[in-house]
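Take a look at this single chain, the form predicted alone, given in C-alpha cells.
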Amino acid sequence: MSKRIPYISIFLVLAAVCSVLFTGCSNSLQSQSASRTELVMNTVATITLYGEQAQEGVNAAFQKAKDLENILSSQNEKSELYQVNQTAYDHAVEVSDTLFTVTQRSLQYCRETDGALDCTIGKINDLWGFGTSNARLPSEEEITPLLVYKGYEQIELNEENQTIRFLNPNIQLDFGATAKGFAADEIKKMLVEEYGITCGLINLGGNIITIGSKYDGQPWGIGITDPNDTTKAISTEYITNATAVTSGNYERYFIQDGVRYHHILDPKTGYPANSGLCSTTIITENSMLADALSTATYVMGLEKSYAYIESLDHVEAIFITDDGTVVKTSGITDDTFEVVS
C-alpha cells in the first residue's frame, strides 16, 4: 500500500511552510507594536507592525489579504478568478482592475522566463490537488491532454475593455506563483501610505516583505530555511525595505510509493520540476516579481537561473542544490540589501 503524507497541518505550517525564519524588533516598542498570525490566502500569514497605528494597520492588512483572496483564488468557487476560469473560453470576460493587472503582469513574467513560469496550467495543478485534502498522483493519460506549449500565449487581453479570453479550452489561470507577492506589495503600499507605518514585517507564508529597517535602524535578519532541516537556517541575509521570497520542494508535497511529489510543476511536463535545486530565494524590491522568479528559477535549474538573475538589475538569488550546496549571486555580500525609496 502506498504511503501518503498530506501536505498541510497547522503545526507543520507554523514550523515549516514559512520559507524563511526571521528576527524581529525588540521589546522596547511593545507599547507601539501589534502582531497577528492567521490562515489566509491558503497559507499561514504573520504581520508585525510598529508605530502609533500598528494595530489598525494589522487589522487592515489582513482584511486586504482576504479581499485579494476573494479575487485571486483559483480554488474558491465564489472568487472572481474561479468564475473567469469557468467562462473565459466561451467569450471575453470583463474583469476588475485587480484581476486584470495580476493577469497582465503574470503573463509578462511568463514571457520573460520563456515559460519556466506558466500561470495557465491551472487544470494540471487541479489534477495534483496540492494544498487540498485530495492531493494525488495523476496518470500520464490525465496530464498529457492538458499540456499546452506556452499556454500563456493563448490568453487574449483587451486593455481598453479590460477583458480576458482563453484561446484554448485546456488552459486555466492559476496565480499560485504571483498572487501572494502581489498581495504583499499592495499591503505594504497601503500600510505606508494610509497608516504611516515605517517599521514592519509582512510574512505571507514565506513571502517576506519588510517596511523600512528595524526600530533601531538595523536591517532585518532573514534566515533562509535549510531544506533538510526546516527548523534551522542554512544562511542569514540582511535586508532593509526589500523582499525575500523562497520556493522549495519541502513546502507542499505528498509521498506515494516512496517517492516525494512536490508542488512546483514544470509546465513542459506537468510533473514536479526535477532541476537539481531544492530551494530558490529571490531578494529584490518587488514581491510579485520575487514570487514569480523564485518559481521560475526553481524550474530552470542552477546554471540557467544563475545567468538569468545576474542579467537583472537589483535582483539577487540564493540557490540550494539537491546535495545541499548553497550558491549565491554576485550581488549578495556581507552588506545589507537595501531599497532606498
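We number the residues from 1 along the sequence you see. Predicted, not measured: the structure shown is a model, and the values here were computed from it.
Below, we refer to the form predicted together with adenosine-5'-diphosphate, which is not included among the displayed structures.
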Is residue 151 close to adenosine-5'-diphosphate in the predicted bound form, meaning a heavy atom pair under 4.5 Å apart or at it?
no
Closest heavy atom of residue 79 to adenosine-5'-diphosphate in the predicted bound form, within 4.5 Å or not?
no
Against adenosine-5'-diphosphate in the predicted bound form, would residue 125 count as a contact residue? Criterion: heavy atoms within 4.5 Å.
yes
In the predicted bound form, is there a heavy atom of adenosine-5'-diphosphate that lies within 4.5 Å of any heavy atom of residue 49, even though the partner is absent here?
no
Which one, 291-299, 32-40, 309-317, 59-67, holds residues whose non-hydrogen atoms are within 4.5 Å of adenosine-5'-diphosphate in the predicted bound form?
291-299
Looking at 177, 171, 208, 164, which has any heavy atom no more than 4.5 Å from adenosine-5'-diphosphate in the predicted bound form?
177
Report the residue, out of 102, 191, 264, 184, that has at least one non-hydrogen atom within 4.5 angstroms of adenosine-5'-diphosphate in the predicted bound form.
264
Across 113-132, the residues having a non-hydrogen atom within 4.5 Å of adenosine-5'-diphosphate in the predicted bound form turn out to be 116, 117, 118, 119, 121, 125
